[in-house]
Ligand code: NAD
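Let's start with one chain on its own, the form predicted alone, as structure tokens.
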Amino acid sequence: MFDFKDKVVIVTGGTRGIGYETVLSFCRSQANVILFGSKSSSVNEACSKLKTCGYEVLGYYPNLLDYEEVKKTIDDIYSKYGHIDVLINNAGVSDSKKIEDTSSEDFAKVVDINLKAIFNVIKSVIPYMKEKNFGVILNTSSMVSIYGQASGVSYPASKFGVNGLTKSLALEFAPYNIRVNAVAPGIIKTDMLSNVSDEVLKPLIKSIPLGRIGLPSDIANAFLFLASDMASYITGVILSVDGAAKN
């Protein structure tokens, strides 16, 4: 349905879950996909898995909190392709500890990975997008950035920051034909849910008006749409993909 032939797409946090499904979806749409992961072993495993599906994908594992390392990686990608069209910032961590049990270091770690890392990658990519007067930047937010959550303040706080960054950069980059949006997933069937009992899951599913937990492909499809020309007049949007779930 979507055609990204000759487009260069970078996906951070692309080795599993939503990120991996997003990488796979863009590969199927004929994009040149580059995935980022947190370590060499997970990156190599993901690239090998994609190769068995018939897709050649480049993999990198820069420290996203190190701006110079990120910039060097982005520079290498640009040198190889001559353009970078789509950036999907999906890398992130969650947390569910109550504030009394959360140290300042815990809080800083979540905010750094979920927000500072996005800043570093966008800052590295944006000169190349401005040069071509074109680009799409998509960030992974969360439903809890809108509704909050009863435990784990660092996670919704960091994702609320992602929303603010998204809306502000949409305004800053609009004159350069660069669109910036975010997708706010609801409850998605990823590895994090694999150890959750049916006793816990059933009430969660019952609370979702559409009557099911979301799939990684639901989020990947949202990224595909927002990155496509079909969304050429959409920027500064936080798109909820949550089955109409409310906290």
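Each residue number is its position in the shown sequence, starting from 1. This is a predicted model, so every value here is computed, not measured.
The form predicted in complex with nicotinamide-adenine-dinucleotide (NAD) exists for this protein as well; it is not shown, and the discussion that follows is about that form.
Chemist: State the residue from 90, 73, 120, 154 whose non-hydrogen atoms include one within 4.5 Å of nicotinamide-adenine-dinucleotide (NAD) in the predicted complex.
Modeler: For this set of options, the contacting one is 90.
Chemist: Please tell me which of 187, 57, 220, 178 lies within 4.5 Å of nicotinamide-adenine-dinucleotide (NAD) in the predicted complex, judged by heavy atoms.
Modeler: For this set of options, the contacting one is 187.
Chemist: How about residue 17: is it within 4.5 Å of nicotinamide-adenine-dinucleotide (NAD) in the predicted complex, going by heavy atoms?
Modeler: Answer yes; at least one heavy atom of residue 17 falls within 4.5 Å of nicotinamide-adenine-dinucleotide (NAD) in the predicted complex.
Chemist: Within a 4.5 Å heavy atom cut-off, is residue 174 in contact with nicotinamide-adenine-dinucleotide (NAD) in the predicted complex?
Modeler: Result no; residue 174 lies far from nicotinamide-adenine-dinucleotide (NAD) in the predicted complex.
Chemist: Quick check on residue 113: any heavy atom within 4.5 Å of nicotinamide-adenine-dinucleotide (NAD) in the predicted complex?
Modeler: Contact with nicotinamide-adenine-dinucleotide (NAD), yes.
Chemist: Examine residue 27 and determine whether its closest non-hydrogen atom to nicotinamide-adenine-dinucleotide (NAD) in the predicted complex is within 4.5 angstroms.
Modeler: Result no; residue 27 lies far from nicotinamide-adenine-dinucleotide (NAD) in the predicted complex.
Chemist: Can you check 78 to 86, 138 to 146, 121 to 129, 99 to 107 and let me know which stretch has heavy atoms within 4.5 Å of nicotinamide-adenine-dinucleotide (NAD) in the predicted complex?
Modeler: It is 138 to 146 that comes within 4.5 Å of the partner.
Chemist: Could you list the residues in 209 to 233 that come within 4.5 Å of nicotinamide-adenine-dinucleotide (NAD) in the predicted complex, counting only heavy atoms and keeping sequence order?
Modeler: If the 4.5 Å heavy-atom criterion is applied to nicotinamide-adenine-dinucleotide (NAD) in the predicted complex, 209 to 233 yields nothing.
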